[in-house]
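Have a look below at one chain only, the form predicted on its own, in C-alpha cells format.
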C-alpha cells in the first residue's frame, strides 16, 4: 500500500521540532484533508487553522516543501507529482510570528494594515442614504483586488519582507491600491502615502507574491500603480523615484540606459562615489562599462519617442 510521510514542524511556545506522520495515500485529496486526518486519527495535539475549506477564508495557508499554499485548495496528487516524492514537509508561513505548530500570529500585521486606511473614504457625491453609483468600468478596477482573502501567502513568499521589516506586506499594498482606485473614494493619497513611507520602492520584482497568490491577483501591477501615483503626487525626492525617472529619460533620449550616469541620478554623486566606486571600477576593468563613451540614440529612436508622446497624450486626456 502506498503511503505519504508528512514531516510537520511543531512548536510549543519555546521549542521547535519536526514530527513525522505516515498516512495511506488516497487519490483526489488535499493537504487540508491530510492534516485533519492526522489530527483526528493520530495526534489530537497537532494545531493548525482552517474554516471554509473552499479557498474563501484564507485561514489554512501553510508551507509545503518550502512553498506557501492554501491547504484546502492544494491537491496532494499535484504536489507528489511536482516534487517527485512521497515525503512532504509542512511548516508555518514565513515572515509571521508562530504561536503554536502551524498557527501564526496575525495581530502585528493587522495593526500595520490599519496604516493604509483599508476602508472607503467617501466622496461628497454619495452617502449611505443615496448610495455610490459606479460604472462597469469603475467596478472592474476594484474587482480583482477585492478578491484578496488575506491568506498571508504573499507575505510568506516576499523576499523583501524577509530582509526589511519596514516594507509593507503585499496584501497590505493590495488594500492601499484597492481603495486608491475606487471611484467612490475621496482621498486616494491617504491610502498611498503610508505605503510610500514604508519602502514602497524596495519591492524586488521577484513575482513570488503573484505566482503563489491563490486568487491570481496581479500584485506586481498594483505596486507599479502605487509607485506611479507617488510620482504624480510629487514625491520624487527618493532613490526609487529618481531611479525610475532616470530609466524613463534615458530610454526616451537614446533608447538605452546610460549606466555611467544612472547611479548618480539615483543616489547622487557623493553617495555613488562612496558606495559604488569599487563596483564601478570592476565594471570598467572588465570592459562592461566605458565611462568615456556616451550612449548614442538607437536605430528607430523616433518610433520610441512617438510611443512616449502617445502615452503622454493619453495620460493628459485621462486626467
Partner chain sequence: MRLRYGFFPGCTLESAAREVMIATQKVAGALGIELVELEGWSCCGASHIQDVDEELALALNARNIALGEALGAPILTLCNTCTLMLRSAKQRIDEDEAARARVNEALRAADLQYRGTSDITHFLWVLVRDYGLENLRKQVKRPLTGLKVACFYGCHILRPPQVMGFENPWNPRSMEMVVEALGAENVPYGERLSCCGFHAVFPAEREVLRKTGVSCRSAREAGADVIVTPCPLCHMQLDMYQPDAQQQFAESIRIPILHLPQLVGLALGFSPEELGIRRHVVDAIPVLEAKLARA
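Positions refer to the first chain, counted from 1. Please read these numbers as outputs of a predicted model, since none were measured by experiment.
One more form of this protein should be noted, the form predicted in complex with the partner chain, which is absent from this view; the next part is about it.
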Q. Is residue 2 one of the residues lying within 4.5 Å of the partner chain in the predicted bound form, judged by heavy atom distances?
A. no
Q. According to a 4.5 angstroms non-hydrogen atom cut-off, is residue 204 in contact with the partner chain in the predicted bound form?
A. yes
Q) With the partner left out of view, is residue 26 within 4.5 angstroms of the partner chain in the predicted bound form by any non-hydrogen atom? A) no
**Q.** residue 160 within 4.5 Å of the partner chain in the predicted bound form, heavy atoms
**A.** yes
Q. Counting only heavy atoms, which residues in 286-314 are within 4.5 Å of the partner chain in the predicted bound form?
A. 286, 287, 288, 289, 293, 298, 299, 300, 303, 304, 306, 307, 308, 310, 311, 312, 314
